[in-house]
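Given next, in structure tokens, is a single chain: the form predicted on its own.
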Amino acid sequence: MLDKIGVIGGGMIGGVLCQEIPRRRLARTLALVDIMPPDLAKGKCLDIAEGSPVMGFDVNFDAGKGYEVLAGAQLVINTAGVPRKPKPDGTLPTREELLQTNLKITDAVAQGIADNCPDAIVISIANPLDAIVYRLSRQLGRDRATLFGMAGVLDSARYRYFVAEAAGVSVENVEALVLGGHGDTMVPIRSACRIAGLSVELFLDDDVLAGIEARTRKAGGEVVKLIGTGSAFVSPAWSALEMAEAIIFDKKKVMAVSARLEGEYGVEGLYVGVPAILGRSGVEKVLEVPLTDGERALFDRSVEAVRSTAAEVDRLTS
């Protein structure tokens, strides 16, 4: 258990985080900051506090519109940003189309963290994921151990669910890994997908797997279209909490993380989804896994998409 965890943004994802952190007893104090009037952060935290006797947990809350509520937080989860919503013509904005608006929000987030909890480990969920965490890194000047993004855990979970559903097995039997950028170029790694330790190709044929991999790449958009007024919120929150628990309990757990690469996979300075070991100090090691020639080509293409977005970040903020 930590002394204090901060959540930035009290929307749908932030709301799930604020329920789950006390329920899982991850921190003695939960801080929530959200600028929405009249005082969304205080209202949500009061609602949860009033239900705490029913759920049987004790927790303190710091909540408000200002970032000062984050003072002393050891871990911060950033959800702040404009979500993907269908346009009037029914099409979805790309994650890159959200960039300009969300960069302004991100700069305020970075300043709030720098002023109030400069030593906190930061997990960022806001989209476009790789670009936002890249901008946070530019603003905060952090090493890669203490600032990273949540994307691969969610993308891998979606891949696992679709495989389990198609194979007729428990999701607990499926291991899967999705690498690259958090968008349409993400790369489900079929060669690393296992069902009870066995190759997924023993259970599902090539056509089925190709369909699952295509669906995985578009899974976020599928949820957006079905909901109609927002994006996925429960699964991203649970995915971030899996990362948080690996840190809080020093699990040394291997999971896909949007981490800054420092020569791994031939990439320097970009935030890309790769396998990493998460423990008490954050990202403790980035792992380079063997890929087939086809997977490596797709991964390189995804890296180039991330590189293009990072260049756009630099252009918009120069």
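Values in this document were obtained by computation on a predicted structure and should not be read as measured data. So that there is no doubt, residue numbering starts at 1 and follows the sequence shown.
Same protein, other form: the form predicted in complex with a small molecule, not shown, and the subject of what follows.
Contact annotation for I105: at least one heavy atom lies within 4.5 Å of the small molecule in the model of the complex. Contact annotation: V174 falls outside 4.5 Å of the small molecule in the model of the complex, judged by heavy atom distances.
Within this chain, I21 is remote from the site of the small molecule in the model of the complex, having no heavy atom within 4.5 Å.
Contact between G81 and the small molecule in the model of the complex is found at the 4.5 Å heavy atom cutoff. In summary, the region of this chain contacting the small molecule in the model of the complex, judged by heavy atoms within 4.5 Å and restricted to 73-81, 135-143, 183-191, 198-206, corresponds to 73-81. Contact with the small molecule in the model of the complex, defined as a heavy atom within 4.5 Å, is made by none of G152, S156 and G221. Proximity to the small molecule in the model of the complex, defined as a heavy atom within 4.5 Å, singles out one entry of I125, M243, L179, I121, which is I125.
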